[in-house]
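Below you will find one chain, with nothing else, as structure tokens; this is the form predicted on its own, and questions on how it binds or moves follow later.
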Amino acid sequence: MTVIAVFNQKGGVGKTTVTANLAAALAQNGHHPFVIDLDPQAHLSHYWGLDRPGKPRHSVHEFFRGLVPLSDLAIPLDNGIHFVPSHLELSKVDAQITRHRDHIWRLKLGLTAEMLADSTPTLIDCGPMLGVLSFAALLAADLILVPVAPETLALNGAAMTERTLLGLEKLDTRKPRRYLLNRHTPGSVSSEAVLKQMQRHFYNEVLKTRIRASESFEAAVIGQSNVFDIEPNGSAAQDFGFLLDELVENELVTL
């Protein structure tokens, strides 16, 4: 199975939306993906209605404190996804880097020890900040998926991400990475310009699938659902089906 870290050093590019709907595409195909919200802002936890006021009973922060295994933190969702929620407390992990340098390996070791990476596809929704949590996700991943919105700053974030990944090769082997144009509007000046720049900078690491802009995404957030349930025959559901097919056909994701 494959561990996918969804990451870009620019916020607002759609990392959470991509994570949620790629997980839903896996579930649609009969798999039971394991999904981790590793962003202290807990957007994915909010997306699925699992954020709570105040301190939650369980969150991925407990795993980083060494208190609870990842599998014990997972909440089963109705569509077969197993989800580990986040909480603002998770931000403390980045603040503790000088005292807990082993945190950058903790996620990889945890996934391996619990054999989660061997039994089911795993997706990690990362925050945009470069710190312990992001390094932990990138080191645990078999594939780094970098969503890029059709904006110059998002493209710049992807370029910074590439430099970060090159730096991590001092600690671990080179990880495959793929760049995904998100919120694509075919024929628009900004979309086509960013796509050309992506192809120039990242060559064959740019995915052929483009995720087109669609109102289904916002409807899915409002309904705490996914684009397959909101509009199963719509462009958004088609695009995420194509995305999963492309990743599998190119042996970037094993099922």
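Note that residue numbering follows the sequence shown and begins at 1. Please read these numbers as outputs of a predicted model, since none were measured by experiment.
We do not show the form predicted together with a small molecule, though everything after this point is about it.
Checking V221, L50, V206, V68 for any heavy atom within 4.5 Å of the small molecule in the model of the complex turns up a single hit: V221. Site annotation in the model of the complex: the residue of A213, I230, A27, L195 reaching within 4.5 Å of the small molecule with a heavy atom is A213. Using a 4.5 Å cutoff between non-hydrogen atoms, A23 does not count as a contact of the small molecule in the model of the complex.
In the model of the complex, the small molecule lies within 4.5 Å of some heavy atom of R183. Contact check for G11: a heavy atom falls within 4.5 Å of the small molecule in the model of the complex. Contact annotation for F63: none of its heavy atoms lies within 4.5 Å of the small molecule in the model of the complex.
This chain is displayed without the small molecule, yet in the model of the complex the stretch 175 to 183 from 152 to 160, 107 to 115, 83 to 91, 175 to 183 comes within 4.5 Å of it by heavy atoms.
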